[in-house]
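Coming up is one lone chain in structure tokens, specifically the form predicted on its own.
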């Protein structure tokens, strides 16, 4: 029986904030004691993870003295080395502190916008010190409750201005960062700017350095709004803009639950893993999730192990799906090619347009073509459930 042990090539990572989550939710306080970054490294080392990611203040409290910061960094570096862990990604907390109550890069206050950029520069310095090459931006407070309070056109321009500035900072410092933007349709603002992955994919070409900018979609975010997360990831993959991905799970229509990956939406998780593997995604697979509020830290370790194990199981299921002769025969039956027509529609010219207008395409015949989707979906379910 396969062990489904974590494969280092999968680059499984967790955030400091995920393992150290004390069990707090929007309706209740902590149920677990606070643990240190060193404790997190030890848990993830035992679980077999590849790396740890952090917000600046996950590692160093916002009010820490320089001496305290130096001690924390020294201890964390030692723990990383002892546990064979790396730091592939870093990010900035621009949402927890009261100063960001009305946004960071999109704030109406120029001093707050400047402070947000300053804080991010310092966090980029910190991430680079630990070897991070991906920098994620989640605009948790970039939004509004009332459009009377903030001009959305100004907000877009301000966000672009901040990112252009920070791209230049990364280039000047020779950090080699790739920026990845993380969308969320709702929470914690009444209305969040750049609500879906496609919003950022539309913004990126307008930036000064579009080649160094991509996206970091999160499973729970589009799912909580009733959207198909796999489709958003597919768009990012097709555009070669999937720089990083957050794996977790979510009941549709609920607050941001950040459940363990694959714990709710088995079919969606399967299709996501299959998409990533079929198209050779080679970036970090980051679990932005946390254990149930009822768990102690022994169970938190099981949460980490289970997150990676589920991915490895679904990776094997995806390979079985691809190798299944009946499934592939159905796929071939459904995907009907026509080289002559495809040649006409591949690229426009007046000759191709004339030939296409004259092509004998009968809508009644086309409508009668078989689409055995029920059988294909059932076989997919049987692969996932392990009966095939």
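Residue numbers count along the first chain shown, from 1. Because the structure is a prediction, the values reported are computed rather than measured.
The next section is about a form of this same protein that is not shown, the form predicted together with D-gluconic acid.
Novice: At the 4.5 Å heavy atom threshold, is residue 197 in contact with D-gluconic acid in the model of the complex?
Specialist: The answer is no: residue 197 has no heavy atom within 4.5 Å of D-gluconic acid.
Novice: Indicate whether D-gluconic acid has at least one heavy atom within 4.5 Å of a heavy atom of residue 95 in the model of the complex.
Specialist: The answer is yes: residue 95 has a heavy atom within 4.5 Å of D-gluconic acid.
Novice: Taking the shortest heavy atom distance, is residue 304 within 4.5 Å of D-gluconic acid in the model of the complex?
Specialist: Residue 304: no, not in contact with D-gluconic acid in the model of the complex.
Novice: Residue-level question: is residue 91 within 4.5 Å of D-gluconic acid in the model of the complex, judged on heavy atoms?
Specialist: Flag for residue 91 set to yes.
Novice: Which one, 184, 150, 260, 241, lies within 4.5 Å of D-gluconic acid in the model of the complex by heavy atoms?
Specialist: The residue from 184, 150, 260, 241 that makes the contact is 184.
Novice: Which residue, 102, 125, 75, 256, is the contact with D-gluconic acid in the model of the complex, using a 4.5 Å heavy atom cutoff?
Specialist: Checked against the cut-off, the match is 256.
Novice: At 4.5 Å between heavy atoms, only one of the stretches 152 to 160, 266 to 274, 131 to 139, 204 to 212 reaches D-gluconic acid in the model of the complex; which one is it?
Specialist: So the stretch in question is 131 to 139.
Novice: Identify whether D-gluconic acid in the model of the complex is within 4.5 Å of every residue in the set 56, 119 and 169, based on non-hydrogen atoms.
Specialist: Checking in the model of the complex: none of 56, 119 and 169 is within 4.5 Å of D-gluconic acid.
Novice: Can you name the residues of 215 to 245 that have a heavy atom within 4.5 Å of D-gluconic acid in the model of the complex?
Specialist: Sequence-ordered list: 218, 221.
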